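Here we start with a single chain on its own, the form predicted alone, put down as structure tokens.
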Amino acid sequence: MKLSRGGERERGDILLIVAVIILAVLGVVFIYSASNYSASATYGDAFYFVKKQAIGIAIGIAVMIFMCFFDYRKLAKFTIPVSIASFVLLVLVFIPGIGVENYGAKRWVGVGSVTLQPSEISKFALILFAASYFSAHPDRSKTFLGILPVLLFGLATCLLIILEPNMSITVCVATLMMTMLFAAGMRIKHAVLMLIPAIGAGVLLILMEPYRLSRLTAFLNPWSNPKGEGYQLLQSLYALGSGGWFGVGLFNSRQKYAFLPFAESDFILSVIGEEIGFIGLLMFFALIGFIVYRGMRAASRAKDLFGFLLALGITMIFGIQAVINALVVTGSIPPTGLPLPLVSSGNTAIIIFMAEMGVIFNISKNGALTF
């Protein structure tokens, strides 16, 4: 049954928004803890990364509020412009003077001090394209020709991202693509047909780049090269091991003192685990799990296929990134750079994720609740 005017259907999922803001605020606290030493040494300002993140959160909240009240069904009209913009931005990272290179990777476009990471936008573009495409004609998911446009969209996105190179986001986009296809109703036989070449492509990508093979070797035995490829993983494990059950205390991390690379971004979870311990991490991931649950709940109660696929895709990419990040910092899978959603330092990611959470809120507001 639908709730009457003034009920939860009109209010939307307030708990989701509260949880998102709490997680983002916790992220700022841990970014300060993880970065104050390196920021002070490098930029002369212990709050350098905190200030940048605060700007991102402020913009993110503003966009999230807008999306909370912007009818999600109107997003379908922007599918083509967003898709084109996504690919244009992904190409621009390779243009000298526009693309910004760091640590041998071209993953950003920028003007002056303002930078943007197109791969973050491309994930939402894929979700929007798949949701709009399948909701227009749901039966498209039943044939291989029907799923081909989404498959080509996803593969083209993956190709441009892997050329940056960015293996981790490529894996996320590929996983997201398969998730959207399954959610739309893709047949198992079509999935199997895609899985075999996908595995082959993954092996080929690892063999093509020596640094990827080195990372795989370091994952299997980080002590084989403790000062090279195995260094970051070992420092992460030292941090988590030092945290024990209850942690060394907030702001008391030792690994952040120039031992752990990217402590404020890709490996911030290591610092969090060191400071709040295993019990604290359980509570931390309970909050992340709660956001995933509310997103899935909104998807399941969406009143149309477009809303269902949008909410599911956004929720899944949030959950996928959180899981992969956790697996990386614990040494469960080979090391790869991937931010922890709403927590790691990075303005593009946090703005996009907060905007997407606003979309989920709007879906929940317009969805039908049953008892």
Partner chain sequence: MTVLRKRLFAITIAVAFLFLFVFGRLFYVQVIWGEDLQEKAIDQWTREIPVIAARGKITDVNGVVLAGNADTYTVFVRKRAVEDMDKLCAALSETLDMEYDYVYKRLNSTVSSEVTVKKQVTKDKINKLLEYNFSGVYYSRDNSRIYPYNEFLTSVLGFTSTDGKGQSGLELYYDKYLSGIDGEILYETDIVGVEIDGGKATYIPATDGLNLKLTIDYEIQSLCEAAMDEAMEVHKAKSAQMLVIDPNTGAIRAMCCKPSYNLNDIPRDDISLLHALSRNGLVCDIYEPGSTFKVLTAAANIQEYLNGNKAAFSPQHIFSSSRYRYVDGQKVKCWSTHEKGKHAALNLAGALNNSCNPIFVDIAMSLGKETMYKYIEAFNYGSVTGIDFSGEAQGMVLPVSAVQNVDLARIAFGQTIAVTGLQLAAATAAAINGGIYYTPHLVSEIYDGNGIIAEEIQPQSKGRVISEEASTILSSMLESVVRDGSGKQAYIEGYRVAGKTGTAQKYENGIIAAGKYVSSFVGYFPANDPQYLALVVIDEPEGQYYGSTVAAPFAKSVFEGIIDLKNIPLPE
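Just so you know, these numbers come straight off a predicted model, no measurement behind them. Numbering follows the first chain given and starts at 1.
Unshown form predicted together with its partner chain; subsequent notes refer to it.
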Option touching its partner chain, based on a heavy atom within 4.5 Å in the model of the complex, out of 87, 251, 231, 144: 231
Options 234-242, 163-171, 145-153, 74-82; stretch whose heavy atom lies within 4.5 Å of its partner chain in the model of the complex: 234-242
Is its partner chain close enough to 273, 278 and 331 in the model of the complex that each of the three has a heavy atom within 4.5 Å of it? yes
Is residue 312 near its partner chain? Define near as a heavy atom within 4.5 Å, in the model of the complex. yes
Even though the partner isn't displayed, in the model of the complex is residue 57 close enough to its partner chain, meaning a heavy atom within 4.5 Å? no
Heavy atoms within 4.5 Å of its partner chain in the model of the complex: does residue 99 have any? no
Are any of the heavy atoms in residue 300 no more than 4.5 Å from a heavy atom of its partner chain in the model of the complex? yes
Does any residue in 307-329 get within 4.5 Å of its partner chain in the model of the complex, counting heavy atoms only, and if so which ones? 308, 312, 316, 323, 326, 327
